[in-house]
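Listed next as structure tokens is one chain, alone, in the form predicted alone.
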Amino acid sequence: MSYAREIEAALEDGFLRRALDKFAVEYRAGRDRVFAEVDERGLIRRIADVKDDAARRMEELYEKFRAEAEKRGAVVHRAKDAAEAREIIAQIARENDVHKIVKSKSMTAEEIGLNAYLESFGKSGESGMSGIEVDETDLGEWIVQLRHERPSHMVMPAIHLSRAQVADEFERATGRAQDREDVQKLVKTARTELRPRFHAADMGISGANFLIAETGAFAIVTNEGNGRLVNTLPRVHVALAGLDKLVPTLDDALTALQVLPRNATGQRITSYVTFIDGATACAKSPTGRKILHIVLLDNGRAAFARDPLFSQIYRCVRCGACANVCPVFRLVGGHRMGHVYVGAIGLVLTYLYHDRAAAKELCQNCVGCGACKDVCSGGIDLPRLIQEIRARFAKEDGEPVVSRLARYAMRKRATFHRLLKFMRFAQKPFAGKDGFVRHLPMALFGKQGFKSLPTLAKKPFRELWPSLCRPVEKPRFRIALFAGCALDFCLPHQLEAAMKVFEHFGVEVAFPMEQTCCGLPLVALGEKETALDVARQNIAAFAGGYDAIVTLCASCASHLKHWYAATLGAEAGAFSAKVTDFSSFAHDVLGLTERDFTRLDWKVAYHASCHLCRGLGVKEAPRALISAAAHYTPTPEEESCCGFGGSWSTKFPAISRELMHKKLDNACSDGATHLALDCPGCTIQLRGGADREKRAIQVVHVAEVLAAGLEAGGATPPATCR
């Protein structure tokens, strides 16, 4: 089945959609509650610092951990790859005449395909391994093992299954009828089936959340008692973990423990945190002590720890939060939003550890909303890593036609703008008077038909500028206006609204004609080099003594401010430092309040564009401005993604449609007359969706709300631009 068809099948799974939807809402509330008690950002910075230091010192920490663990009776192994790790564990089983194995949930074991490898010996009857059985003992892991599936989530492996599906599996496994409605009875069935297996097991295999170099101890964090039974009852215990789990001290592990359960499940602490410090007493063992082996997996970790960009992946503590907040995961689940590891970290790790072909598809299915980065326990810049993977694929495998065309069209501003002008004339036979394409048969829209498509404006903003540009005496501020492609050529009326606000409050405005696209679409396509060329053109265009560079596009603002600075460094430093979004400038710099407007009778809902609320961290300013000029109406999940994502929405229209539909449902839930936002991409998505679905709501920019609030009072603005 093609990846696109897998996505569509997941969207048709009603139970999956309801389960993930319910969890996403509850998770956010629970997470916000427990993080309110601590310094979230301070803890995340500390974890990032500790894990970055551990990545730099990986070899040193490994040697120290090995020495300390072996002092305490453990045997430490290092495996260069998955095959060697599997063989090490198989050899331990042979040497100890192991026939039955119980496992506690371990994503590293999933990474190396351990179960299938060990079970194959039982089928083939190889030396010393005849009849081996491997049983997962985590409830979710046992369920997916019975179904011969991968986990769909790092923390909740069976979240994609209904009670009835679980009951069916238990009936097949036990031969007994199961109650399909009583969850506790199903849990009791699992307990009844698994408890005897703990006692019969020769070997227990677990993961490890932290490997503490100073003591040679390791920690296991679980919510089920099965983890401790796996560690204590069998005579042989094998702990399997990646080298990235090394931390210098116990304090470092305890710091991470303040974030891990909060981020994973919204708990202050999990039910069980177990520290194992060497081989303990064990009556089943012939020596009277536990036979303890610790297998540390490299599988590319040491090499990527030296990579200046990708080394940050070793901050990951496997909490699963990046999946919990991902709008795509919420709709399609882990089997389509991952390979072995799921969510945003799964897209990156699939590329680094597993299947390049799978990674090539998966890394395209990121809408770029930044929610994963916003909640990451270690502050990993996951969107940037995914962008870099796209760029590497483009460079290694050759560019698709769309990327080559984009590179050619956008490398030079004049070429790009000539193309847009040509498109403006070419659209005339199909353009409706209301700004939408109206005269094409629906069949030509294909799967993009869930929203009305915008036309290019009769005149772009740059052609309107001479009529708007007037001198100003004693301006309060001198700013340069960065338009961005969509505002300049599709939605110039939003920029005109902003000009009314600037004019009224004494702001002198410049509009450098050499400005071009910010370059974000190029980065999304993997065209990094062309994006850098475009960035340098914009930096040169805005070389002037401006107090600020203001843009009405949140996506442009975030890209200009962060990507330019991160990629070009000092070359972009002064430019990026001056970039600000419209709402922040109006609220924080101009200081606009309700005293400056005549309140409109509009009932205004708000959509927090992803690049504004997360990319720039701007949350209160637009809401305060809306409240100043109109009646702000809070609605559910204002900060969830609308599903645009630039070219992403054309690649995954079925997901884009569902995200858009949910956003409009929420916006209309309390009878709002208007939906305000700060991004032209979101405007195109939601305005087009509202038109197609015949919604009784107008989609406007925050600047349009403010301009209307000024006009309602009959204010006559002074001339204030140049």
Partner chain sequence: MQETTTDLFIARAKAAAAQTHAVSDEEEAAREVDAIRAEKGAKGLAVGVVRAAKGIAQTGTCVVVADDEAQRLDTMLPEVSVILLDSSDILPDLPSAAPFLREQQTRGRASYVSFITGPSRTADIERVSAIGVHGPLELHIVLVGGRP
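Note that the structure is predicted; figures quoted are calculated from it, not measured. Positions refer to the first chain, counted from 1.
The form predicted in complex with the partner chain exists for this protein as well; it is not shown, and the discussion that follows is about that form.
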* **One residue of P157, P460, G207, G615 in contact with the partner chain, assessed in the predicted complex (non-hydrogen atom, 4.5 angstroms)** => P157
* Asked: If you check A90, L186, L590, A541 against the partner chain in the predicted complex, which one has a heavy atom within 4.5 Å?
  -> L186
* To do: Can you work out whether the partner chain is within 4.5 angstroms of a heavy atom in all three of A241, V295 and R301 in the predicted complex?
  => no
* Answer for R228 alone: is it within 4.5 Å of the partner chain in the predicted complex, judged on heavy atom distances? => yes
* Verify the contact flag for E133: yes if a non-hydrogen atom of it lies within 4.5 Å of a non-hydrogen atom of the partner chain in the predicted complex, no if not. => no
* Asked: in the predicted complex, does W648 have a heavy atom within 4.5 Å of the partner chain?
  -> no
* Asked: Does G140 reach the partner chain in the predicted complex if we count a contact as any heavy atom within 4.5 Å?
  -> yes
* Structure fact -> Partner contact check in the predicted complex: of 529-537, 243-251, 558-566, 76-84, the stretch with a heavy atom within 4.5 Å of the partner chain is 243-251
* Counting only non-hydrogen atoms and a 4.5 Å cut-off, give the residues of 210-227 close to the partner chain in the predicted complex. => E214, T215, A217, N223, E224, G225, N226
